[in-house]
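In structure tokens, the next block holds one chain alone, the form predicted on its own.
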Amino acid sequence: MNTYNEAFRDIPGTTVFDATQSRLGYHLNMFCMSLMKDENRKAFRADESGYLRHFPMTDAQRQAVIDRDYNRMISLGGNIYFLAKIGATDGFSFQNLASKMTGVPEEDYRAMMIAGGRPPKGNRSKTDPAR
């Protein structure tokens, strides 16, 4: 039998933000929280690489921020609620970020969510696509 966290690894596109992910992404998430202050957003926009050096993140985390690769940031310990602060700094809504992360145009993503979201069939298990 799988452990609680192992069971979630079978869900396509799902990274559970657990204690391990929290430790992995601590500095990435603290960078995101710094963007709550206007002076920090201005400093970040003026020199992204320079501003990111203030935080002891991994090179992969820094590159994911520069690339605005939200799925990669999540896999590297980012919490979506913290990562949304990067999107807000860039002037994007949460809906826009979600559409980018799913590879669905924003209007199509919006329509999908209004209609009830993704269908569960085929989105529940990597090992059993019929689920």
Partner chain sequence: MARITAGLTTSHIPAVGAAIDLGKTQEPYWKPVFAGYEFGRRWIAEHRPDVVILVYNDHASAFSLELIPTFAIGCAESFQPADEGWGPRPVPVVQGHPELAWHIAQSAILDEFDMTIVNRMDVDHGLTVPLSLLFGQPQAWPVKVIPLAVNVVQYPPPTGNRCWNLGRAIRKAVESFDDNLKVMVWGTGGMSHQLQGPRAGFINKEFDARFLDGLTKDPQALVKIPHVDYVREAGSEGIELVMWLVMRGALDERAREVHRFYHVPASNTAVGHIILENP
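Whichever C-alpha set is largest while still superposing within 1.5 Å between the two forms counts as the rigid core. These figures come from a predicted structure and were not determined experimentally. Residue numbers count along the first chain shown, from 1.
As for the form predicted together with its partner chain, it is not shown, yet the points below apply to it.
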Notebook entry, point to check: Hey, in the predicted complex, is F92 touching its partner chain, heavy atoms inside 4.5 Å?
Noted result: yes
Next item on the list: Find out whether any non-hydrogen atom of N29 is located within 4.5 angstroms of its partner chain in the predicted complex, and reply yes or no.
Entry: yes
Check: With the cut-off set at 4.5 Å between non-hydrogen atoms, does R62 touch its partner chain in the predicted complex?
Finding: no
Checklist line | Residue contact check: L35 to its partner chain in the predicted complex, 4.5 Å heavy atom | finding: yes
Notebook entry, point to check: So which residues in 71-87, when you check its partner chain in the predicted complex, have a heavy atom no farther than 4.5 Å from it?
Noted result: N71, I74, N79, I80, Y81, F82, K85
Check: Does the distance between the two CA positions of A19 reach 2 Å or more between this form and the one not shown, the core being superposed?
Finding: no
